[in-house]
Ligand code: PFF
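Before any questions on binding or motion, here is one chain by itself as structure tokens, the form predicted alone.
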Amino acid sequence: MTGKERWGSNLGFVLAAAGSAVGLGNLWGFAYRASQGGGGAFVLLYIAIVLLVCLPLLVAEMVLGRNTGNSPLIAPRRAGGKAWAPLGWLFLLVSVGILSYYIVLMGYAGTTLLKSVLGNLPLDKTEASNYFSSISTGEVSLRGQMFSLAITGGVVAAGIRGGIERLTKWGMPLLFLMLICLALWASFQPNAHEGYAFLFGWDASKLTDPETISNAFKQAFFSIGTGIGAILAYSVYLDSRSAIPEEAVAVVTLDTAVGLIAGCVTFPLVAILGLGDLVGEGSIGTLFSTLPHGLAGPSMNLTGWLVSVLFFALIYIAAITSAISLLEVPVSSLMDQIGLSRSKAVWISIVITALLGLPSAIDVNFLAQADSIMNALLITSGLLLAILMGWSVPSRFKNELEDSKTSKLKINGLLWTLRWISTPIITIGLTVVLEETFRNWQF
């Protein structure tokens, strides 16, 4: 695979990788999980997990992709032998599983964006409830799913430079611009301080609360995307001289910045609209019913229309930059495993994803359950990746970074962190997440 395509520039890769990481998890999942975790305690745990776990793991995933030159399906087997083949299949399962319902959420965002532009958002609570039901089931949901899949497939089919890099080079700067504009607007609103107070408020007891710990792990892994295989797939096309640790830091910094800035938009927005009691009730319903209703309220008028358009445009751009990275995992695997052309691999992957996503498109409860399971599997694949690169084949980790002239001190520090900090912390976090998942599972 390595001889076929290359990123046009290091910036192109960083923006694409950041686009993979930045998605609905940053723009809404962060706010929803922070609301459940007491604000500041959740933020602190999230940042600690990102720095101590996700950053070294992201470096390991990038090393695995560039070193083997193989897709997520084959790379673990190529690096560690046949015993590691199941990790490749787990990458494939997680990426396609997440994409199957993520694309449905992307459809909700697209439909709500269109309604925002047309000024047709719900005006009262009854309308809001009916609105969410109308976009999350039946023909509207299926149409949004198929349209979003078609756009995602078209970008990936155009290739690394012509599709993915081109989209993220204009999409990511636009996303940051809209996000900063919304954050500045929110900061001047009368009740904004209430949102900031909650986001950065402190309750030390939440640091040991299993739900807060579980939410911080799920948010960090889902947001950064370590363990999905998407960054691995992108790293196959990296230049051999690229400084992987520095690029990983850039990706993590951009992703974390988006999450924090998005929190500085969402929490003030919730406070401004008087929706504080509703934000923790459910991530999906609140985003696509309560917020549209609040923004369409008579007190917001033209400002509400403009903010709603910017907010849901922001969500849609973030969703598509993540969706294309998720689709690249099965596409690159089909190309690598059986030699399909990119276009054929794309459309086969789209058909499979569409079929797997049908239950989520017609039943939002199924979507929520799928998200819970995939988050647990995502952390599981992250743990296996840490064991593979940190313990099973550390020579690949060290040699690949040495070849790109990374200092030995930095290499040894990253490897030590991956082994002795990341692996034990992931094990603890996975235990907490699995316990919560089984406890909340609805049979």
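Position 1 is the first residue in the sequence shown; the rest follow in order. Please read these numbers as outputs of a predicted model, since none were measured by experiment.
Just so it is clear, the following notes concern the form predicted together with 4-fluoro-L-phenylalanine (PFF), a form of the same protein that is not shown.
Of the candidate stretches 361-369, 305-313, 216-224, 79-87, only 216-224 has residues whose heavy atoms lie within 4.5 Å of 4-fluoro-L-phenylalanine (PFF) in the model of the complex. Within 4.5 Å of some heavy atom of 4-fluoro-L-phenylalanine (PFF) in the model of the complex lies at least one heavy atom of residue 326. Within 4.5 Å of any heavy atom of 4-fluoro-L-phenylalanine (PFF) in the model of the complex lies no heavy atom of residue 108. Interface residue remark: residue 26 is counted as part of the site for 4-fluoro-L-phenylalanine (PFF) in the model of the complex, having a heavy atom within 4.5 Å. Contact between residue 230 and 4-fluoro-L-phenylalanine (PFF) in the model of the complex is found at the 4.5 Å heavy atom cutoff. For the candidate set 102, 237, 267, 132, a heavy atom within 4.5 Å of 4-fluoro-L-phenylalanine (PFF) in the model of the complex is found for exactly one residue, namely 102. Checked against 4-fluoro-L-phenylalanine (PFF) in the model of the complex, the candidates 152, 145, 322, 212 yield a single residue with a heavy atom inside 4.5 Å, and that residue is 322.
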